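Two forms of the same protein chain are encoded below as C-alpha cells; each is given separately, as structure 1 and structure 2.
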Structure 1
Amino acid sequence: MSMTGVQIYKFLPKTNCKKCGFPTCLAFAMKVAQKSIAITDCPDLSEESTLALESAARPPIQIVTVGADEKKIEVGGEVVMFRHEKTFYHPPGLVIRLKDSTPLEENLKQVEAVASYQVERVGMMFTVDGFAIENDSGDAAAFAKLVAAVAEKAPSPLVLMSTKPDAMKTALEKAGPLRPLIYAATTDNWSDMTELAKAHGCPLAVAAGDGLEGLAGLVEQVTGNGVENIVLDPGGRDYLSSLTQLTQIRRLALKENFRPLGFPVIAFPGEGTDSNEEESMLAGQQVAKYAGIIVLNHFSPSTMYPLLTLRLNIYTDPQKPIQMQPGLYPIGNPKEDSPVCVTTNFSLTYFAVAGELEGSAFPSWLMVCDTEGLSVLTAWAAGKFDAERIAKATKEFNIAGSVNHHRVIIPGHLAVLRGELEEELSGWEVLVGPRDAVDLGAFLKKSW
C-alpha cells in the first residue's frame, strides 16, 4: 500500500535540519510519497520509524504462500470488502482434512480420490488445493508417518495440525520442503512453534480462543519473534461467529490498517456443522465472506463441484466478466435436425440463452460468436456482432457439418441483419428469434 506524504511525515524527526537536501521534513516526505527519492536519504530517521514505515508499506492484508513449487497457493492480499469495489484477488484454498487416527489405508484412498479430482468449468480446470493433516492420535510417530505418506503420494499445499511442538518438529522433518502451514501457535506453545516456522521457512497459523484482542496480542508476540507469514484462526466455528469475526478482521485490516490482524484467516466449517451438506453451505458462506483457507472435513464430488463453482463466481473480476469460448455448444443432446441459435460470448447472455434452451422442449445447438465479451445490443452497436461475423463463425465452427438443415436463429434485436446475413450465407435461411431469452421456448414451439 502506498502512503501519502502526510502519513510519511509523521515518522520523520520533524527538525527541518535540511540534511536530506530539502528545506523541510514535509517537503522531503512529499517527494518520498511520489517515490522519486528513498526514505533512507534522511540520516536522522530512528530505527523505530524505519521499521514502522516498512511495515506500513506492506499491503493491509499480508499475502501468504502455502506450499512450494507450482502447486503452492497464495492467500490474503485482499484490498476491498465488496467484490464490486475492485475485485477479490486470491481465492481461498480448499483443503481436505485427514486424521492420523484413521487407518493409513483409508487415508491414502481419500488422498488418491482428492488428488485425482478435477472438474472443468467455462474452459478452466479446477482441483482441490491440498490437505490438512491432523495429529488426532496425539502420537508424534503416527503423525509423522501420515505426513510423510501424503507428502510422497500427493505433494501439495499442506496444513499440519498439532499443538505439540515435538510432533510438529518430526512432521516438518518429513514435509518441511513443501512449506506447509503450521497449525497452530497458541498461548502455550507459540515460542516453540515460532522457532519451527523460522527453521523451516513455513507460514504459521496463530490460534487464540479469547477474542480478537487475545489473537492480536499473540500475533504481536509471534511477529516480534521474527515470523511474518501468518494465518489467523480467531476461533469462531458456527455460521454467525465465523461471519462476525471474519468481517471484523477484514474491516480492521482494511479500514483501520490494524497490523496485528492484517493476515488471511483459516476456517473450519465442519466444526460448526453436523453433516457434509451443511459443512459445504457454511464453506460457501466463507468463500463469499472473507476466508483465506477453508479446511473441509468431508470430500465428495457433489459438494466440491458447487463449492469450486461458487469460488469461481465470487472471485471473478467484475471488471472482466467471464467470456465464453466462441464455438458451437450442444444444449441437451441436440441431433442433426435440431435448431441452431446464435448468441454472444458474454457469459451472462450465454447463460440466459443456454438456460432457456435447456428448459425448452428443444435440444439445440448454440453458436457462440466472439463479440469480445459484449452483450447482444452493445456488441451490435460496437460493430462486433454483425452479419459478417456471424457468417464467418458459421463457417469456422462448421455448423453445416453438425446439422442436416440450413437454418439459423438470430436474436430478435438483430432483426435488421437478416437480409445481409442471408446474402453472406447463401443457401441459408435466417430466422429472427425473440428479443428476450425467456421467450425462446415459445418461439421454437411456434416456428421450428
Structure 2
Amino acid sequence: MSMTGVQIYKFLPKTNCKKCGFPTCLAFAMKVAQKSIAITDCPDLSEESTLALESAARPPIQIVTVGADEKKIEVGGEVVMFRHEKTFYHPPGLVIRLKDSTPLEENLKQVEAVASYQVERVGMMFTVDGFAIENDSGDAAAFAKLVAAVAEKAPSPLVLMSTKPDAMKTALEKAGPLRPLIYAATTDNWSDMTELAKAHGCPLAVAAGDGLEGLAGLVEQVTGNGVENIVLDPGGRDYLSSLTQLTQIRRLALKENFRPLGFPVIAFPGEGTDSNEEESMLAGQQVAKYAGIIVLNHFSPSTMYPLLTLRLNIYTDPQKPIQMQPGLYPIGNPKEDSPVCVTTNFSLTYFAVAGELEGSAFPSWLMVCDTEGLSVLTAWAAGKFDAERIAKATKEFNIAGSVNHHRVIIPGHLAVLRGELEEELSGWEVLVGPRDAVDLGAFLKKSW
C-alpha cells in the first residue's frame, strides 16, 4: 500500500536541515507521497528507515533500461494517468522487428536503412531507437548469427525474441554486454529465462496469455526469483484489447499501487492489424496510452515521422515550452552588412522566423533572446521580452562584432518598445518589422 505524507514523515530525521531542497521534513514527505521525488533524496535517512520506506521510495511504475550506452531506452517511472496532471517522463522506445527466417543480406539492408534514418524537429534530432530480433526460424544458430550481425552493424538497444531458453542463451553470448531486453518469460520457461536475465544483467519481458491476473501471478514468480527489471506483455493485440489492458495496468499501478503490474509494457501493433497504415495507427494509440516499448513490423520514413512527432508532442512537459538555446544564429550565409532580426527562444517562434528568413533570399543574423520559452506577445506581457533584455542580449552576444552597421529589427508586435530600445542601445537604429513572420521577405526587400 502507498503511504501518506504524514506516515512517511514519521521515519524522517525531523531536523528541517533543507539538504533535500525543501524547507521542512514535512514538505519533503508530502512530495515523496506524491511520487514526485525519491525518499533517497534525504541524505540523513537511516538504513532502517530506508528499508521501512521502500514502498514509498520506488516509483509506482518501475524504471527499466534497455541498452548499455547513450542510446539506451529508458521506460517506466510514470506517476500520472494523464499528461496534463503533471507530465510524462520516459517516451516509449520505437524498435523495428527483424526475423531470422529472412535472408541475412535483406535484414542488413533494413538495418542500414533504419540506422541511417534521422529527422530534425524543433531543434532536436530523432532516430529509430533499436531493433527487435525474432527467432522465427526456431534455429538457435541462425538467431545468434543475426543478433551478432545487427549488433556489429548498428549497435543499439535490442529486444531478443524467443521462448526457447537454449536459443536465447546462444544469442545472449553475442549481445549480452548490450543489455538487451529478453522476450519472453512464460509459464513454461520462466525459471530458465529468469536465470538468463540474472546471469547477463538484462531486463526480462514477462508474457502470460490468460489475462492480467495470470500475468500478475507470473510476475510474482519472476520477482521472487530475483529479477526486478521487468517489462509486461499483457497479450492484447488489437485496438480495443490493447487500450483496455494498458489502461488497466496503468490505473492499477498508479491508483491501487498494485506492485505486480507496476512495470512498463511492450506492445506489438503489427500483430493486431492487417496493413502498414493500420499498424501505424495502432502504434499511435499505444504511444498515447500507455506503451513503454513498441515493436513495429514495418519501417518507412513516411510512417516513422508522424510517430516521432506524436511522441514528442505527448512527452513534452506541458508546463515547460520547448526552447531554443539563446544566442546569435546565422541564417543562410550572412555577411557584415546582413540584417539582424530579434525573436524569442520559443522553438516554434524561432523556426517560423528562421524558415521565412531562409526563403527570403536575405541571409540574416537571428538574435534569440532568453524569454524562458515564451512566444513574442506572451513573453512581452510577462515582462520577459522588453527593451532592457533585448539590449542586454545584443551586448552579450556581441552583435556589433558580427556586423558593420547598427540596425536591429524587432517584431512588429513590439513596436511600443522602439523608443525604449533606442535609449538602451545608444547609437543603434531600431526598425519595426512585420507582425507575422510570413511577411519578413517583403519587409526586407522594401526596408533593408
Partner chain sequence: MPTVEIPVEKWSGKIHEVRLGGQGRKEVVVGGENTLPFLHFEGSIPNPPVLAVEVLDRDPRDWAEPLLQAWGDVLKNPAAWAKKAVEVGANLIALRLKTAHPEEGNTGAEEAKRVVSSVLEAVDVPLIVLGPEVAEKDNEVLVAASEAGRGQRLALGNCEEKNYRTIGATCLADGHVAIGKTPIEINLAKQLNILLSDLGMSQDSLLMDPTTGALGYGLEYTYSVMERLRLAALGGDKMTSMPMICTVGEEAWRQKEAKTSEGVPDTWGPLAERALRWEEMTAISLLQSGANIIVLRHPSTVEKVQSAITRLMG
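The term rigid core refers to the maximal set of C-alpha atoms that superpose within 1.5 Å between the two forms. Each residue is numbered by where it sits in the sequence of structure 1, with counting from 1. Model, not experiment: these values are computed from the prediction.
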Is the form predicted alone structure 1 or structure 2?
-> 2
For Gly327, state whether the C-alpha moves by 2 Å or more between the two structures after rigid core superposition.
-> yes
Taking the rigid core as the frame, does Val119 move its C-alpha by 2 Å or more between the two structures?
-> no
Any CA movement of 2 Å or more for Leu374 between the two structures, core superposed?
-> yes
Displacement in Å of the C-alpha of Glu422 between the two structures, rigid core kept as reference | 10.6
Distance moved by the Gly383 C-alpha between the two structures (core-aligned, Å) | 3.5
